[in-house]
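Shown below, as structure tokens, is a lone chain in the form predicted on its own; questions about how it binds or moves come after it.
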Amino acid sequence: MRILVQKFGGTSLSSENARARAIQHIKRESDNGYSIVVVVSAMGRKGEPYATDTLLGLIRENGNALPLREVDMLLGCGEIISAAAFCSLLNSGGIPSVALTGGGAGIVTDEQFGSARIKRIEPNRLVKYLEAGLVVIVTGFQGITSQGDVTTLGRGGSDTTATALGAALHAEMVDIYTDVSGILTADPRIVAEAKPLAVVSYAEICNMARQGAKVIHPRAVEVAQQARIPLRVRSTFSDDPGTLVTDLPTDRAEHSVQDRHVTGIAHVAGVTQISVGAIEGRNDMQLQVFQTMAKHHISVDFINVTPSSALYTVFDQDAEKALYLLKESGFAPNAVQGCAKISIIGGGMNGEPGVMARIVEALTEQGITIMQSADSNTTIWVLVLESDMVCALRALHAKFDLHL
């Protein structure tokens, strides 16, 4: 069989028009000879009746004391409703289909309720339905433990379900349908000149996803990369081919411009920069600082460590707690709240002289101070004040000619 996995997010299923467009994509690929597995998210976003955030609201309204195991039982309902409703639509439209929960599709996870990891997939039942000519609809975001308990895979879990099923079934492709027409060079709400990318590598899209681009979850990309399965990020509301994510040679890759230093720019706002100096007579500053953050479940990022100081960022909502804990430990931390982390991403920058110089030039021309920087082989990060973020994104996008 030629198997194609199609994942439809909440906005792709939230209205009658959106669901009709999703069915058109399924029918087109079925007519092209594919056996189709459809992975669905819960319908809609916060405030709509079956969205995950709406279900979480039920817990808050009813004592807010539900154990994680039972939270997962509740949250799994959104995708089950979505799968059943969509199955009915397909069958009524003459497309024979069957709906399966994550457990029914053979997705077995560990017992980390709320953020479970997939241990294995046993797809025999799913394959039998495909061989019978059915479109198989699978609930995203969930699996089942070896004890039979429902688990959820954490935020972005439906993307992970899609690529994991693609890997288990040796699918030709995994299509991630959303409300945007692929991966863009920057957030179009901030940079009007942002343009769609025809092809990106797994590493590039992983970095973009981790650094604020919310089109696809990085866990899902890592699964696809390990299995060497190409991804396409596409719009439910268009027939545009979207963005192809692959490291494999393809006709599309050959006809796209690959000689670029920078692929795109992502950002994360709402972070606080914390600096901690060493205390005379103590040589355990770094150990104490980061053990304290870890013990109290405060996520740290953008870390620079020297023998005499530690510089890092936390999310603004964690800043007050972090500063209190550091002072309790005898340190005198300094903090700058309201910062933004900007990521300049591109596989072509590795070993290329002058990239950092152009970044500094772009920001200096706008009078923007770089508060901190770091780099890897595919990404350079700079920290700026959040009040400078929009200007910085636009200046960097222009400096690297990403609008062309």
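The numbering used is simple: start at 1 and walk along the sequence shown. Fair warning: this is a prediction, and the values are worked out from it, not measured in the lab.
The form predicted in complex with adenosine-5'-diphosphate (ADP) exists for this protein as well; it is not shown, and the discussion that follows is about that form.
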From the list 114, 270, 188, 133, which entry has a heavy atom within 4.5 Å of adenosine-5'-diphosphate (ADP) in the predicted bound form?
-> 188
Given that adenosine-5'-diphosphate (ADP) is left out here, which of 202, 86, 312, 177 has a heavy atom within 4.5 Å of it in the predicted bound form?
-> 177
Would you point out which of 89-97, 329-337, 299-307, 188-196 contains residues with a non-hydrogen atom within 4.5 Å of adenosine-5'-diphosphate (ADP) in the predicted bound form?
-> 188-196
Find out whether any non-hydrogen atom of residue 358 is located within 4.5 angstroms of adenosine-5'-diphosphate (ADP) in the predicted bound form, and reply yes or no.
-> no
May I ask you to state whether residue 171 is within 4.5 Å of adenosine-5'-diphosphate (ADP) in the predicted bound form, using heavy atom distances?
-> no
Look up in the predicted bound form whether residue 182 has a non-hydrogen atom within 4.5 angstroms of adenosine-5'-diphosphate (ADP), and give yes or no.
-> yes
Is residue 126 a contact residue for adenosine-5'-diphosphate (ADP) in the predicted bound form, using a 4.5 Å heavy atom cut-off?
-> no
Kindly indicate whether 40, 52 and 219 are, all three, within 4.5 angstroms of adenosine-5'-diphosphate (ADP) in the predicted bound form, using heavy atoms.
-> no
Judged by heavy atom distances of 4.5 Å or less, which residues of 5-25 approach adenosine-5'-diphosphate (ADP) in the predicted bound form?
-> 7, 9, 10, 11
